[in-house]
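Shown here is one chain on its own, the form predicted alone, set out as structure tokens.
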């Protein structure tokens, strides 16, 4: 039986992929900070202590590496920024050393990076995988994260996905907009003109599956839908589903910055990002535009 090991399996993407590959009769194991006697498929690792349960790595065919502390969860203090870096970069290096110690590397490593690689900026130009990394915090974080992954390329087929905002019924962005939209109180953020590179969770699962099954696929790809959607357009489409119009003004950028600090940039800035490279490889998106994605999410 083909064995898949998933890190970060407790998050939205990890839960989806775990279920997805289990349904396809793969042997799916998890690396987690905690273990449970009720779940023999969950193995323990501790990034801070540099320890990993080596049994989890035995005979692994494919590693899906998603682990990383939530970028929006806590204020970006100096300590938190170190945690964001450590959970990604130190975690990747720990995995590499662990596989090296047992003398076995997976056939392929599929890693999650993020569109934060391109930085917190507004850009009307369409950015591609060859566009440079930004020099701000998110740009450097993603660039260093991806560089740490490159160690695997000598031993395994390596695929890196720069993932956009993930849309799904259970996604925080959908959960947090439902009640305000129901009463017409949902509003755009800042000027609303910032782009929101996104991908439907079902398409993302298919994309990871595509990477597993296509032996010729390797390198870096933007995991975003072909549609270029602004925050204003996203807001209007959700309000339309609830048969409402925006009845309140946009949330002012200074207010978001006061509440979220540096993290506000994740909501106020965004670029147009191309998915043409993965399309040229033969991948077909089921949810190409925001209308079809939201229609599935809201069961329309």
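As the structure is a computational prediction, the values presented were derived from the model and not from experiment. Numbering follows the first chain given and starts at 1.
Here the subject shifts to the form predicted together with a small molecule, a form of this protein not shown in this document.
Annotated contact segment (heavy atom within 4.5 Å of the small molecule in the predicted complex): 64 to 72, selected among 243 to 251, 51 to 59, 64 to 72, 262 to 270. Although the partner is absent from this view, residue 87 contacts the small molecule in the predicted complex, with a non-hydrogen atom inside 4.5 angstroms. Within this chain, residue 98 is remote from the site of the small molecule in the predicted complex, having no heavy atom within 4.5 Å. Among heavy atoms of residue 93, none comes within 4.5 Å of the small molecule in the predicted complex.
The closest non-hydrogen atom of residue 278 lies beyond 4.5 Å of the small molecule in the predicted complex.
The candidate spot formed by 122, 143 and 196 lies out of contact with the small molecule in the predicted complex, as no residue has a heavy atom within 4.5 Å of it.
In terms of contact with the small molecule in the predicted complex, the residue from 112, 212, 181, 225 that brings a heavy atom within 4.5 Å is 112.
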